[in-house]
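There is one chain below, alone, in structure tokens, taken in the form predicted alone.
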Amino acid sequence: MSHEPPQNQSQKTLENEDDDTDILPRRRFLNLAGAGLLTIGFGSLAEGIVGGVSEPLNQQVETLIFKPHQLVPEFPLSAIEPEKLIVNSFRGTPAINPVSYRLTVDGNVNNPLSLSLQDLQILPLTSMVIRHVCVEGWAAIVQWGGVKLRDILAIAQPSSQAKYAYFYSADGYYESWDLDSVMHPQTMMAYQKNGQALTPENGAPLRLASPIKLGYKLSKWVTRIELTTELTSKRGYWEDLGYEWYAGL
């Protein structure tokens, strides 16, 4: 899932179809421990339950666990499940001319960018076969091809004060990530799926792809990336309606 609404808000975990083990043990642990463990073992973090803090509570907790340079195991090409990637929509599929398309990278950067699709395709191509996990309760193994987001930001040169990235999409969808997750080596801006050019329904010309976040964090049709020093009151379309902000796997 990226732009699509979860069909069942209570359905937060998902079983691994290959070995019947829970593929979200950390998230389940955090959900169970949130009320008790945080107040007992991490007193300062519990302050995040009350308003007035700059970071969502679950970011403060998951930052303690997240390893920004540790790779998530990938799958062989033979494991791809093309029929399992469900295409849902947020406000329909926007019409984007790939010739005139530009990705803007601005905000707290020293070198703002306006990149065409051709500019992006000149950068080193990276490919990964990962499991796309949706909060609705389904998953699909997909091959994504594109540019590591940290390679793009290396050109944009984030300022030392940058802590977050906002992703804005052509259909009005918006998301925000912590900068460590953005810079993870398996976070990419994808323009290929399963060895073929990305289709508009799947987010062409450019979408987020990563094995470290739930699907609703993986924005389609991205047209702008803005680096910021803090989060605003708008943190993400679904997050602003009550869903978890960090949404890490």
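Start at 1 with the first residue shown and count on from there. The model shown is predicted, which means the values in this text are computed figures rather than measured ones.
Below, we refer to the form predicted in complex with a small molecule, which is not included among the displayed structures.
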{"query": "Thr126, Gln157, Asn88, Gln121 - the one with a heavy atom within 4.5 Å of the small molecule in the model of the complex", "finding": "Asn88"}
{"query": "Interface residue in the model of the complex among Val147, Leu153, Cys134, Ile130, criterion: non-hydrogen atom within 4.5 angstroms of the small molecule", "finding": "Cys134"}
{"query": "Leu218, heavy atom within 4.5 angstroms of the small molecule in the model of the complex", "finding": "yes"}
{"query": "Interface membership of Tyr173, the small molecule in the model of the complex, 4.5 Å heavy atom rule", "finding": "yes"}
{"query": "His184 within 4.5 Å of the small molecule in the model of the complex, heavy atoms", "finding": "no"}
{"query": "Close approach of Asn202 to the small molecule in the model of the complex, 4.5 Å, heavy atom", "finding": "yes"}
{"query": "Non-hydrogen atom within 4.5 Å of the small molecule in the model of the complex for each of Gln192, Lys213 and Tyr246", "finding": "no"}
{"query": "Option from 165-173, 113-121, 72-80, 99-107 whose residues, in the model of the complex, bring a heavy atom within 4.5 Å of the small molecule", "finding": "165-173"}
